[in-house]
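Listed next as structure tokens is one chain, alone, in the form predicted on its own.
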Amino acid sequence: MADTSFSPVPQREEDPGYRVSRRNKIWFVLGVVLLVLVVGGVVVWVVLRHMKRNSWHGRGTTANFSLVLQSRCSSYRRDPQTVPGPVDCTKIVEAFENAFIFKDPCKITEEDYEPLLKLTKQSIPCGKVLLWSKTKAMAHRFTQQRQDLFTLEDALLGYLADGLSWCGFPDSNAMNYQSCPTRGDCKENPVSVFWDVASKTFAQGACGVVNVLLNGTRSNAFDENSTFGRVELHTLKASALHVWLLHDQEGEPSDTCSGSSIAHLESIASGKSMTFNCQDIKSLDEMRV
């Protein structure tokens, strides 16, 4: 008996069904390729974003940042009479964090710290301000001996932040504990802006004779690019500026009160109608403030 079964007829390219099937395969392949490209792009974006978040050249936020601020605020005991009214440490910590949380760490402004400045407002008695440049350790040693004198770090605002590092992310309330920008990364970073505005505020409040301790072991004891040279000096409204130029007890001084950098400092002070005086010293014991 003859075989009457039918064999499938191969679909020819000119058949409409064949063209539709081929077109679907092409679209499917294109869809897969597009999906791979999109997913790959997202992965690359996430990786690059993560790298950017952790690519700053400064150390990350200090561990337990909030707790450190709270502890320092609660333990501040330096002449409470200079701080008007009770100190609300909870609000101070909150204001400090709000200055940089949810913000681009390279786009911080002085206005971001305004609420913190209001909460830590402090009036230093006239003649009791000691500024410093490249002499931090020595200046602090002196104010430890003379509790009636204040460096910025002896005032509440500076005391809170001294030695700490902090920054966040523009799209998160988290703090970046991996790395934070330095002034070399961007000038408007949280730490640099803070110390500039804190220094400006501290200098603005100084009155009477303002003392400054400079480093005589440096060839340019007065550095216009330092915080003192850039910010504090031009903000001062005091009546007099007394420079203490500290030298190495055994070595030869690199700069003296008769040197060119001090002469330049004197000209700036004179231009601000401040009486100027400079004294070369080899020991803190020679400081008569």
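The structure displayed is predicted, hence computed values, not measured ones. Position 1 is the first residue in the sequence shown; the rest follow in order.
Separately, the form predicted in complex with a small molecule exists; it is not shown, and the next lines address it.
The chain is drawn here without the small molecule; in the predicted complex, the stretch among 96-104, 116-124, 169-177, 146-154 whose residues come within 4.5 Å of it by any heavy atom is 146-154. Residue T227 is the only one of S261, T235, T62, T227 with a heavy atom lying within 4.5 Å of the small molecule in the predicted complex.
A single residue from the set T82, T182, T217, S199 has any heavy atom within 4.5 angstroms of the small molecule in the predicted complex; that residue is S199.
Within this chain, A206 is remote from the site of the small molecule in the predicted complex, having no heavy atom within 4.5 Å.
The closest non-hydrogen atom of F142 lies beyond 4.5 Å of the small molecule in the predicted complex. Using a 4.5 Å cutoff between non-hydrogen atoms, I108 does not count as a contact of the small molecule in the predicted complex. None of the heavy atoms of Y76 is located within 4.5 Å of the small molecule in the predicted complex.
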